[in-house]
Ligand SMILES: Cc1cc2nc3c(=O)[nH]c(=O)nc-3n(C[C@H](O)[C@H](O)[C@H](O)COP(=O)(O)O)c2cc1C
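What follows is one chain in structure tokens, specifically the form predicted on its own.
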């Protein structure tokens, strides 16, 4: 098969069809996103508690986060003036519309949105008279059903369609758009998932999503690019996805162990030390399954609840009185290098990391241009 083609998102052309996945808290900020954009891909900054280093974060997390959105984008732009840079904004975020509007105002090229169905996203990023948006919008879907719900709603309520669709599969890191039962059916929840994972079943789901998107392409007479994510680590993985018919890939875990990644060295070393059996499915405080590295923190919260000492106003639906621990505190600990008291989100392939690479080396490897 020929080399991967550039990814076109409306009037934006991305030379290398690789979107770097958004990782919060503080793992994909301006350094990583700027480096990926400079290397020809799409750099994505996570808005999840993006202002955790701001001096007023504890007292006013919303104000700190909204301020940090522009600061991080400006720094990424300085590193890659001609690059494509955007944000990942979770639907589950409290005050979600304010985050989206702040990203648009800051000048984001793209907003990718999941952790819930972004059915109202076009309301906050309206298109111009020509149907084009300056800031492109992309929902994350995990099934043909969720893709159908979003496209039907956007079509009916806003007379628009996504500028891009991200399909996130069951081998992804962090919060997953699957139930524990679905993960088990797909064989994506075991340490031996390399042997048990039903790639064929999820490949079929990707084809169904592509078929659905084609219907909306015909209706609106415009190309809607689709990228797939989850478990993509090598050039062979990239080519397999492209052969299914997608236009590009989203990769997150492979970029964590890069020199430019915003994560502290202790976090990166946790990936490098991890063995296959250390990567597990855990239940987050918001009830969603997630993939993370086993560490003393995960072992401890299995045995005893860690009552939150402070509310950081992060998620729309969070019952402080009953959650097993504060996810913001656990993820901020990770971003600050306190890995024994942290939630270490990761993708299924984190154990494959053996050394610190550069972003350029990773991009070359994904594109099959090594050596």
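Numbering follows the first chain given and starts at 1. Computed from a predicted model, the values in this text were never measured in an experiment.
Beyond what is shown, the protein has a form predicted in complex with this ligand; the following relates to that form.
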query: In the model of the complex, the one of 271, 202, 99, 154 near this ligand [non-hydrogen atom within 4.5 angstroms]; finding: 271
query: Joint contact, 46, 168 and 345 to this ligand in the model of the complex, by non-hydrogen atom at 4.5 Å; finding: yes
query: Segment assignment from 191 to 199, 82 to 90, 157 to 165, 211 to 219: heavy atom within 4.5 Å of this ligand in the model of the complex; finding: 82 to 90
query: Residue 178 within 4.5 Å of this ligand in the model of the complex, heavy atoms; finding: no
query: 4.5 Å heavy atom contact, residue 241 to this ligand in the model of the complex; finding: no
query: Interface membership of residue 230, this ligand in the model of the complex, 4.5 Å heavy atom rule; finding: yes
query: Close approach of residue 18 to this ligand in the model of the complex, 4.5 Å, heavy atom; finding: no
query: Stretch 127 to 146 - residues with a heavy atom within 4.5 Å of this ligand in the model of the complex; finding: 140
